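The form predicted alone is given below as one chain in structure tokens.
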Amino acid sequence: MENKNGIRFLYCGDTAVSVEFGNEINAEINNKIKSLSMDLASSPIKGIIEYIPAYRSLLINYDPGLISGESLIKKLKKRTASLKSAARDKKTVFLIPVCYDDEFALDIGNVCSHSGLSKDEIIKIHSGTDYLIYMLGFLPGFPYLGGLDERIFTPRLETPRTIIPAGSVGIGGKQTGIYPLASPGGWQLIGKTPVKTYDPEREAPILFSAGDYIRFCPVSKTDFELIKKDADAGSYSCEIIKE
């Protein structure tokens, strides 16, 4: 089903509906997803259990005992027909310290070779952008970020690693991101953060949300160890700015 704005409403089994706002990844579509999420938060529809943002859609889980899929789609069509864009005058930016030392930047040589740039140039470019968090997935708290400079686009490893340490920062094709947990992966590792972006012991386990921004801030190995000590003790808080 599709409305006059080109928004598609798709059944996902008998307890979920996907609202698709487009067929590409861009900030405008992400803003529409954010707008609908904010609208549902401020004015809930009875029967909705949760909603999960993705690159170009919002998955809405509902209780069929409280609302039918057909009725939910009708309500969502009305909401999206008059949906206003989310305010863009301020953004929430998480300043994430990253150590780009060779100990953590196992693949930065590959990025240098592929891009023709020096390590210092890559670090300057990588840390010189505020990255929009389009969605969280793959692992709890893994941020899919938009805004990587095309000069440092680098293909994934031909053979993925069986274990990548938590906190590793990598580049995978046109994207960059942070591994929140130790896991297999094929991204090119260029640094590491001592910050726990996912901690199941925290009241809010995931540090940030879709729609927020991340700014990578280079730190020395000494500062990395100091921050890690505080982070492990649960006493470190990332700097957050609104701009």
Partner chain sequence: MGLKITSAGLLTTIQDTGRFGYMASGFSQSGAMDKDSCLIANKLVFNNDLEGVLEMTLNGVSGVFTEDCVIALTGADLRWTVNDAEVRRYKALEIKKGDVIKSAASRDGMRGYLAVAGGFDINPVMGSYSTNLKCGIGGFNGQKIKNGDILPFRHERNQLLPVYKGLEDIPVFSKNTPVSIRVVLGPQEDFFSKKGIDTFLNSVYTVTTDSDRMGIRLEGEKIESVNGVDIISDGIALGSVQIPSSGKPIIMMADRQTVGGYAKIATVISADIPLLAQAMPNTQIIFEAVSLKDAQKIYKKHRNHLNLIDYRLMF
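Numbering follows the first chain given and starts at 1. Please read all numbers here as calculations on a predicted model, not as lab measurements.
Another form, the form predicted together with its partner chain, is not on view; read the next lines as being about it.
From the list 185 to 193, 212 to 220, 39 to 47, 23 to 31, the contact stretch for its partner chain in the predicted bound form under a 4.5 Å heavy atom rule is 23 to 31. Taking the partner from elsewhere, residue 57 is found to have a heavy atom lying within 4.5 Å of its partner chain in the predicted bound form. Of the heavy atoms in residue 139, some are within 4.5 Å of its partner chain in the predicted bound form. The closest non-hydrogen atom of residue 53 lies within 4.5 Å of its partner chain in the predicted bound form.
Shown alone here, residue 13 lies within 4.5 Å of its partner chain in the predicted bound form, counting heavy atoms only. For the marked spot (124, 164 and 225), a heavy atom within 4.5 Å of its partner chain in the predicted bound form is absent from each of the three residues. Contacts between stretch 62 to 78 and its partner chain, counted in the predicted bound form as any heavy atom lying within 4.5 Å, involve 62, 63, 64, 65, 68, 69, 70, listed in sequence order.
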